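Take a look at this one chain, the form predicted on its own, written out in structure tokens.
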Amino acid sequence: MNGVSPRAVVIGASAGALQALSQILPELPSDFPVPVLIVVHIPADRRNMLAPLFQAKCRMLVREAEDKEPAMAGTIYFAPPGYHLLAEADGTLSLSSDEEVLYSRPSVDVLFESAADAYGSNVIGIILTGANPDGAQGLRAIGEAGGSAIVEDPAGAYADTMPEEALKACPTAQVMTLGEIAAHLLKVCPA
């Protein structure tokens, strides 16, 4: 991260997301110093149970993101089903019902590209398990903006397509196990 202080962590995951996120998010303290913005592919006609599920497991506040709300430290925000989640330069979140990207809305690419624009070198992007290439271009945008790009080790991922595609698009990304990702976040974002 080149000595830059993170202002946000963005995470993208799809198939196998529950298991992967369950190894990272509960490790973060209630006073984690930056917001964590997450896109998980959930069909628009499904109710999002991720926020209550993870609130029961996590020390951080967990909620579904709302349009125009400020992204607060110590809070995990999940994109609602059927909406893209975007980070804005003024520190707020926004939701969009624009076209699907790679058959996905919410899209990891949309979140990550907006985070690269909003936070530049002050963002950490993490691609986890998944069975499609969503997030690869977004992670490259974060890397090109000087942010920190991290990919779950494809060898240990539930579905390796998403991490492998991310590494093709952003070959300088750091490859880590889920346990290493949690430890890394605690190290670079001390409470």
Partner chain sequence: MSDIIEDIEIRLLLEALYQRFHYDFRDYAQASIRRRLRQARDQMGFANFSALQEHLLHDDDMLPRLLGYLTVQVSEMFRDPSFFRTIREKVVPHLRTYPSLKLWVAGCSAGEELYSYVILFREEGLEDRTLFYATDISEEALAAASRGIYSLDRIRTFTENHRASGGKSSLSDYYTSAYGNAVFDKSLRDRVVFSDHSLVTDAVFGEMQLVSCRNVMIYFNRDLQDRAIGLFSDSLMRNGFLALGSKENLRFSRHADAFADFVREEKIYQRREQ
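Positions refer to the first chain, counted from 1. Computed from a predicted structure; not experimentally measured.
Omitted from view is the form predicted together with the partner chain, to which the following refers.
Answer range among 125-133, 57-65, 30-38, 150-158 for contact with the partner chain, defined in the predicted bound form as heavy atoms within 4.5 Å: Of the options given, it is 57-65.
Please determine whether residue 91 contacts the partner chain in the predicted bound form, using a 4.5 Å cut-off between heavy atoms. Contact with the partner chain, no.
Does any heavy atom of residue 71 come within 4.5 Å of a heavy atom of the partner chain in the predicted bound form? Answer no; every heavy atom of residue 71 is more than 4.5 Å from the partner chain in the predicted bound form.
Answer for residue 7 alone: is it within 4.5 Å of the partner chain in the predicted bound form, judged on heavy atom distances? Yes - in the predicted bound form, heavy atoms of residue 7 and the partner chain come within 4.5 Å of each other.
Can you work out whether residue 121 and the partner chain are in contact in the predicted bound form, taking contact to mean some heavy atom pair no more than 4.5 Å apart? Contact with the partner chain, yes.
Even though the chain is shown alone, can you say which residues of 71-90 have a heavy atom within 4.5 Å of the partner chain in the predicted bound form? Counting only heavy atoms within 4.5 Å of the partner chain in the predicted bound form, the contacting residues of 71-90 are 80, 82, 83, 86, 87, 88.
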